[in-house]
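Form predicted alone, single chain, as structure tokens, below.
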Amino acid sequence: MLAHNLGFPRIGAKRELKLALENYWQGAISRAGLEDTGRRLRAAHWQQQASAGLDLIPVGDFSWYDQVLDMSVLLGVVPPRFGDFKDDVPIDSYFRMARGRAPTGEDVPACEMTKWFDTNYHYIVPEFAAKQSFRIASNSLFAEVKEAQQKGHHVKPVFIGPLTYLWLGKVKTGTFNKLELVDSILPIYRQILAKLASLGVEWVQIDEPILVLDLPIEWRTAFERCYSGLQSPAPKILLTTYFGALAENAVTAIRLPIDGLHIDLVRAPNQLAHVIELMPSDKVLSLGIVDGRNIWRTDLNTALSILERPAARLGDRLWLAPSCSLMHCPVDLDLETELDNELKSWLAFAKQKMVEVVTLKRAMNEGRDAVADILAASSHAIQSRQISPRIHNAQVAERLAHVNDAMIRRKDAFSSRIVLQQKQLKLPKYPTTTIGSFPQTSEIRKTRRDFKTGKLDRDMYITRMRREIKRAVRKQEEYGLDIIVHGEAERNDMVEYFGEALAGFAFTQTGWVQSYGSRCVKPPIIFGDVSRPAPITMEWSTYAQSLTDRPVKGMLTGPVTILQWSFVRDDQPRSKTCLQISLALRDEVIDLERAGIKIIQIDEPAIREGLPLRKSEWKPYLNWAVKAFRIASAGVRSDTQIHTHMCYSEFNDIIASIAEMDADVITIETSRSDMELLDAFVEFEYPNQIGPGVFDIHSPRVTPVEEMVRLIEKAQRHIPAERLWLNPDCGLKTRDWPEVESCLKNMVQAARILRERGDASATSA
């Protein structure tokens, strides 16, 4: 029985990759310096996995930005605007595809970005054209295989399978079925396999996670044709699936001409019996028995009980692994020195999860006595968590039990509310605002850090934060924005900040995970019942409002997003935890209104991300997700305007549920997709107001005024002008002030042009 891993966090335990990338983009280090950081990280990660006792070490899971973008470059899928290359694609062209800018070359519109299945990881969407050509256009995978082999590791190259890759991409030029590209992409996959075989590779891991989706029949049947086309004297193929059950796709997957199959037993434990019955006698079955997406310690004794039957049936054809790549987990729990011992004993990060997998392998191969001490420690930790008095709060349970229909509905319909809101706010046509955050400068971060470590007292901290808020307010007035935000200088992260103020949360020092590129987040840990001991945002929002006559938005992160972007307790339904959060936020919303804040934004960028991968499971999720938002938002008067924000998600198929949230204004990401998301409004008449993003905040490129005007005029094909707002795609915390200033001035100018054109049209009519 072998132990292996599907992928390791690439960012480094101390975010070394993030720092190197940002230094390279800013010209502070050379390409050689960047590549040296990559080599050191890869070597350290391979050695960690080998030292843990894994039998096969993944190679190809390292990435400078994103594994889907890596696959595009490997296959030569580079849109013409980034250049025409006969040799390997240069790294700066790679970065321009991701972010629109690199240290060399001209700025260009970046490729679209969206969520990786139901995670908070973002991938760069492949762009396909009619008669798309493919070729091996990068040597990185093969170079890294050699690099690992030279260090003595038994490697397993990892890359995305052809059908998942095509599924994730978008047709950008021409009109055709993406499956038409199978015949032209397969020869390149065969070349990749042949090159790996020439390097002495025995096994490759080909990821096909779309096999856990509701696949159209044409895609399901394409798997047989596709994998039959990969047969050649090549490495053995381990086909990996994760994030859900194979279900009706099980027969398809198991009958493929492959050598092994990986399934996720954490997200879909009930699929095991069915898969075992179907497994032929000549294939390996890899079981994802350790949770690759959450940080709770594995109950090793329960896991061993689950493994007994498949072990008896499969013998040494049974492999053990985490459920999915460990890139969704922090690196090393040993670095956490401030967590109390009880809570820490309940957790496992990537390094510890590898040990769990190897422990299970040893117990199965050598018997439980060989790891008796580890199993006893596991049992003690699991029992400690179950009986801990820190987990449950009777008052929270009592309040949740008394939620009623009146708490989830606004008093008046939107058509009545908007009249009252406009009378109070007096906003012009095409109102302008931002999503909430402004640049987090080094000075701001130092102020927060010094306050947290005790180097700065509270009075001085408040003074400095107020100075930053005043700066943000004055700049917005200068730019001419209609709705002001306070800029969120005091917030480290849109979820962590709220978690720090809520009961039931814990926090790490080094629990970073990658969201996209160099963007890393440190998700809070929800370990117990959630409540709000005291107001959270009042002090900052009311101060900002005191500085200006223009309306200031109160800024909150919504219950679903707090849930999705945290490591969530797994001892009760996620819906219950989410509703607890919504009640805590309801108190905050009502307090903001009482303090005179007339516009309150409750961000829910993760609501689409949380949607189950199978449509049969959508309705229950959407019911409680919408209910949670409405609990948080519906306690205010009709003249208080509720906003929400969503970004980088395909939500056309849940637009009716988004309408049911009944926010007065919704702001969404649309610039990278060129307003493509607004196609949802062709057949669905969205009843409330909407702000489609007019510039991409994840790119340092400054969007011209004319481009913003064009985007809104395109939006007007679907949304009446009187219901349109202008705003960026997302918050501005990752941008520099010069970029922000240029883009916001352009946005205000675009609004003026649109108003003038609207007035001219009305006059001529």
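Throughout, rigid core stands for the largest set of C-alpha atoms superposing within 1.5 Å between the two forms. Nothing here was measured: the structure is a model prediction, and the numbers come from that model. In this text, residue numbers run from 1 along the sequence as written.
There is another form of this protein, the form predicted together with glutamine, and it is not shown here; the text below is about that form.
From the list 300 to 308, 432 to 440, 573 to 581, 260 to 268, the contact stretch for glutamine in the model of the complex under a 4.5 Å heavy atom rule is 432 to 440. In the model of the complex, none of the heavy atoms of Val68 sits within 4.5 Å of a heavy atom of glutamine. Although the partner is absent from this view, Met555 contacts glutamine in the model of the complex, with a non-hydrogen atom inside 4.5 angstroms.
Residue contact with glutamine in the model of the complex: Pro605 places a heavy atom within 4.5 Å of it. In the model of the complex, glutamine lies farther than 4.5 Å from every heavy atom of Leu375. In the model of the complex, no residue of the candidate spot (Arg410, Asp591 and Gly635) has a heavy atom lying within 4.5 Å of glutamine.
Note on contacts: among Glu609, Glu208, Glu488, Asp291, the single residue with a heavy atom within 4.5 Å of glutamine in the model of the complex is Glu488. The partner is absent here, but in the model of the complex a heavy atom of His645, alone among Lys353, Lys361, Arg99, His645, sits within 4.5 Å of glutamine. Of the residues in 716 to 730, only Cys730 comes within 4.5 Å of glutamine in the model of the complex through at least one heavy atom.
Ile697 shows a C-alpha shift of 2 Å or greater between this form and the one not shown [criterion: core-superposed Cα displacement of 2 Å]. Once both forms are fitted on their core, the CA shift for Thr37 between this form and the one not shown remains under 2 Å. Once both forms are fitted on their rigid core, the CA atom of Phe159 lies less than 2 Å apart between this form and the one not shown.
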